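One chain is shown next in structure tokens, namely the form predicted on its own.
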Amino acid sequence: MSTSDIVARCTGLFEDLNFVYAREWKAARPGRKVVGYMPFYVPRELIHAAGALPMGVLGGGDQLEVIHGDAYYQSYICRIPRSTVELGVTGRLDFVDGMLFPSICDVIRNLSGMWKIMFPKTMARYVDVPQNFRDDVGGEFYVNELNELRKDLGELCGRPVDDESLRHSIALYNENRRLVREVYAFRAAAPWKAPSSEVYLLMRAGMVLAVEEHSRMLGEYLEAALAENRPRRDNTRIVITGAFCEQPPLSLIKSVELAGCYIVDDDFMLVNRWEKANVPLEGDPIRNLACTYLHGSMSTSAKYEPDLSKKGLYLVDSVRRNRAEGVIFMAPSFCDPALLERPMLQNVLAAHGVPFIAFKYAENSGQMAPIREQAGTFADSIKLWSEA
């Protein structure tokens, strides 16, 4: 199978706002459930172990006209909650049995309560995470949270989530995360062979597909990309940060690439990269999930960092590890976590001599020319400075 075949499949899943794959998966066997989640960290292993399909609900993108959703939220917040409401009230999510709202910001926290009122027959739950990273404080809190979620999912799906099933699910997601890391490492090593627009679609597919199917797809893409010869250009290697929740339009990612940038790291889809290493399989699986969150998870603006002396160093590490030449802060308009933390991160980059620029977007951004020009100027200036 060629990369173009795989990307075509991923594009179809990306453009499908009726979630045909998930509907067919549910209809294939009586009693199956689908549990949606917003585009950030949730313990998908628990959903899988309960026998349900975890399905990412990532807003409506630039294909969906938001009409009803604007009546539920004010205009000075990001667009993703309004387009998610639009998906719900127009019946596109009428087959979903549960919705999880992860700990991103106050807007998503409030959306969980609104969902309970709007769709009372659907299980809706806010997934809280610890703000204290001590095992005996935040760890115990998160163990209790995960056990409550485990109980709720078991009741929804009509089967208890036992330790054996959970370990099996953790093993499957460990393998998926390993392949995701391999794809990202391959892109960083040879970005001309794995364009970021393709890698993004590949990761988006994992928000809908069953984990077993997505892992096969990742392996097939790596094999196909390795075998293909693609032209190498003298592009600038950059890291993108700030897009961890509301996703950018695909055309925006393509515009950055067309401007002469190789994206060698990003935070577009953190949900399948959150754990930086495998979750242990021995011992209590719930406690293993909790400890991995506390001590082995990605850093991002929406995650509390208890040690201020390390603030922003993850970005510097990414630049060095991926041999990047600059950073683009690309955040959705009105995204409080990303925009409030950006000045602190910029100060860290400046202290380490890393060039950066910043711009904002919305998931339905239509005019890409100014962004392409800005990214192109940034890439050109890095090339000029590096040669000086």
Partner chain sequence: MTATATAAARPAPKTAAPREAIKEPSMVKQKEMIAGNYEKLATAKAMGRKVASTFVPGNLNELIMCFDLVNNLPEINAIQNGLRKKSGQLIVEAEKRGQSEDVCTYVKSDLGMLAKGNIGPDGRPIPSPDVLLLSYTGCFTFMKWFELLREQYKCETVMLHVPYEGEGKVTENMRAYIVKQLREDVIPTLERVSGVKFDIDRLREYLRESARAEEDLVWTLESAKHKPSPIDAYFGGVYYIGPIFTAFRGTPDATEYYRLLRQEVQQRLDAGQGPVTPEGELSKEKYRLVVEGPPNYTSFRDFWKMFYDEGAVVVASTYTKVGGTYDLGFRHDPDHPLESLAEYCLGCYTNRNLPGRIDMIEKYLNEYEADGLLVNSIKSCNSFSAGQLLMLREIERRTGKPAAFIETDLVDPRYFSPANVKNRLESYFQMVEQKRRGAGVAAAAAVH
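Computed from a predicted model, the values in this text were never measured in an experiment. Positions refer to the first chain, counted from 1.
Omitted from view is the form predicted in complex with its partner chain, to which the following refers.
Of the candidates E257, E275, E305, E198, E305 is the one whose heavy atoms come within 4.5 Å of its partner chain in the predicted complex; the others do not. When its partner chain is considered in the predicted complex, only one residue from A205, A290, V129, L93 comes within 4.5 Å through any heavy atom, namely V129. The shortest heavy atom separation between R216 and its partner chain in the predicted complex exceeds 4.5 Å. Interface membership of I104, defined by any non-hydrogen atom within 4.5 Å of its partner chain in the predicted complex, is confirmed.
Within this chain, R125 lines the site of its partner chain in the predicted complex, having a heavy atom no more than 4.5 Å away.
Within 4.5 Å of any heavy atom of its partner chain in the predicted complex lies no heavy atom of A52. Picking from 163-171, 246-254, 224-232, 112-120 the stretch near its partner chain in the predicted complex, with a 4.5 Å limit on heavy atoms, gives 112-120.
Across the proposed site, N144, E341 and N347 without exception bring a heavy atom within 4.5 Å of its partner chain in the predicted complex.
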